[in-house]
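Quick setup: one chain, the form predicted on its own, written in structure tokens, and binding and motion questions come after.
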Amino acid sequence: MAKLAGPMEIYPLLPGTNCKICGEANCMAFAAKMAEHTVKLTDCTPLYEEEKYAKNRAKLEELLRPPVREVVIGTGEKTVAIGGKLVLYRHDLRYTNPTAFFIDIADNLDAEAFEKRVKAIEDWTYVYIGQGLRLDGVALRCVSKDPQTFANAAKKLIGLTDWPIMLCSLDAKLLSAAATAIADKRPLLYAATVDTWSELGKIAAKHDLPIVAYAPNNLSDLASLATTLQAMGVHDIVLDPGTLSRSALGTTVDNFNQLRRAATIADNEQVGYPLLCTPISVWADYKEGDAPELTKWDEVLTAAAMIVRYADIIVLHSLDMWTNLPLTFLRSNLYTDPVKPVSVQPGLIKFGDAGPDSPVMYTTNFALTYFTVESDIKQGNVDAWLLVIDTEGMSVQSAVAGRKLTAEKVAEAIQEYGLGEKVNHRIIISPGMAARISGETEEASGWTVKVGPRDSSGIPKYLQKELWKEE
């Protein structure tokens, strides 16, 4: 595995002033966080503001360069960063910069259809464990084969959206026309090949644009293309080794594996770039009369396989909820920290018109637990208080077993969030899974503990029947 810098390598290159501007207690603490990649080098502002640190900054930037370089597409608040990977296996550290989903749009659509598809791409969303799952960008395809039409469509697109854009054509003249028209929006150029690298490399270098090197099923040519583009002054490169037909999906997977292993295990800088996959290519075999659902299914299967095989950016055609929802679920789960459970902030949450006589429940701050309970309370349309206790992101059953949810913690949370000042009664409803600590909780807090349903779906009925008030 490519060696990751440790705190003792980073610390001597920091200012050493312990100024705390970064938010850490001292430079050593900052170095430790840098080694874990939980803070950014730019947080040390003296490194960038004072010229005397310029050499050390350059050394640190090289020392901390990830095996897979990071590439930023677009400008402003909606930029998307891809790559920046540090490890091959997620459990070695964690994955950064989730796979970006770009949806295609043809340049020859009429104005109404063009605008409608852009809006559909932007509006696609789903709330999952408190997260808004979304798509990431628009891939403008040159279907017209006309440079002016392609350029005009690119201009029209930036008038409709500020999302990152990918310009797609294997014809250098077509791609150059559109790239020049919207260069200030920093689109990703797709793609430079063994035949077009010279012209497109000059365009990318001139405007500082990210570009895709494309050599289908030829890793040697791909590495050569990347090296040549870099020598031309192109800084941001993405690799596309080709997405073969579904029957040859194993070859595609193998190519992606080889590239990512070479970058992270062998520290091969030639291929240390983000990887692009095009499941949209399955539509090339679609014929009139075929069932589109089957082609969409092929697209989903290809995309899912490549998300778990290191694809940093994926180009899709389908906008259906049933096709993209499992892909965004998969991405969300894959790009969480395996060491740190997804959690929410602890505190006291008010639902509806909860007042002094309303029921009080408690739960843990594990995100899936919290949002499930929240949803069930809201669906029941009940007025209630919910005390969210810090269990380090563990579910109720796990937190009780692991002593992260104890009677003492419940009592402390009641005091910390002033629950006694919010309600007139002294009754708190325990999750059914935490029934075993109810007696201890009564002793520690002085509150009466009522054991609620084991499953949160029973909360509305339990509250509506006011079972918590029964002696």
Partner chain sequence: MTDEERKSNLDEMFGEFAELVLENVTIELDELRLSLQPMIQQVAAQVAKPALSMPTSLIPAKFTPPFGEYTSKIHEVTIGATKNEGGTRSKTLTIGGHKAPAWDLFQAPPKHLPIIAADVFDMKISLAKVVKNHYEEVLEDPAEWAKLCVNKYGADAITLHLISTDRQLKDTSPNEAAKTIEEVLQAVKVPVLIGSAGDPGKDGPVLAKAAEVCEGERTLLCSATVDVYEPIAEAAKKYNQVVLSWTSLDINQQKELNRRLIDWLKPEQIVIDPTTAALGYGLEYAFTIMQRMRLAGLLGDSELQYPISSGTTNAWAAREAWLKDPALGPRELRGPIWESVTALALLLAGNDLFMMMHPAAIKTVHDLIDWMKERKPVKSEDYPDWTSMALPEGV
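In this text, all values refer to a predicted model and were calculated from it rather than measured experimentally. Think of the rigid core as the biggest set of C-alphas that the two forms share within 1.5 Å after superposition. Positions refer to the first chain, counted from 1.
Omitted here: the form predicted together with the partner chain. The next part is about that form.
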(message) Please identify the residue among Gln148, Gln131, Thr75, Thr228 with any heavy atom within 4.5 Å of the partner chain in the predicted complex.
(response) Thr228
(request) Sort through Thr391, Ser169, Thr363, Thr99 and report the residue having a heavy atom within 4.5 Å of the partner chain in the predicted complex. (result) Ser169
(message) At 4.5 Å between heavy atoms, is Gly402 in contact with the partner chain in the predicted complex?
(response) yes
(request) Check whether Arg436 has any heavy atom within 4.5 Å of a heavy atom of the partner chain in the predicted complex, and answer yes or no. (result) yes
(message) Ser457 versus the partner chain, in the predicted complex: is there a non-hydrogen atom within 4.5 Å?
(response) yes
(message) Residue-level contact is defined here as any heavy atom of the residue lying within 4.5 Å of the partner chain in the predicted complex; does Glu443 satisfy this criterion?
(response) no
(request) Mind telling me which stretch in 179-187, 151-159, 237-245, 345-353 gets its heavy atoms within 4.5 Å of the partner chain in the predicted complex? (result) 237-245
(message) For the stretch 246-283, I need every residue with any heavy atom inside 4.5 Å of the partner chain in the predicted complex, listed N to C.
(response) Arg246, Ser247, Ala248, Leu249, Gly250, Thr251, Val253, Asp254, Asn255, Asn257, Gln258, Leu259, Arg261, Ala262, Ala266, Asn268, Gln270, Val271, Thr278, Ile280, Ser281, Trp283
(message) Core superposed first: is there a CA shift of 2 Å or greater at Glu440 between this form and the one not shown?
(response) yes
(message) After a rigid core superposition, would you say the CA of Gly393 moves by 2 angstroms or more between this form and the one not shown, or not?
(response) yes
(message) Superposing on the rigid core, is the Cα displacement of His37 between this form and the one not shown 2 Å or more?
(response) no
(message) Since the Cα-Cα distance for Leu405 and Thr38 shifts by 3 angstroms or more in the predicted complex, is it a contraction (closer) or an expansion (farther)?
(response) farther
(message) A 3 angstroms or greater change in CA distance between Gly458 and Tyr128 is reported in the predicted complex. Closer or farther than in this form?
(response) closer
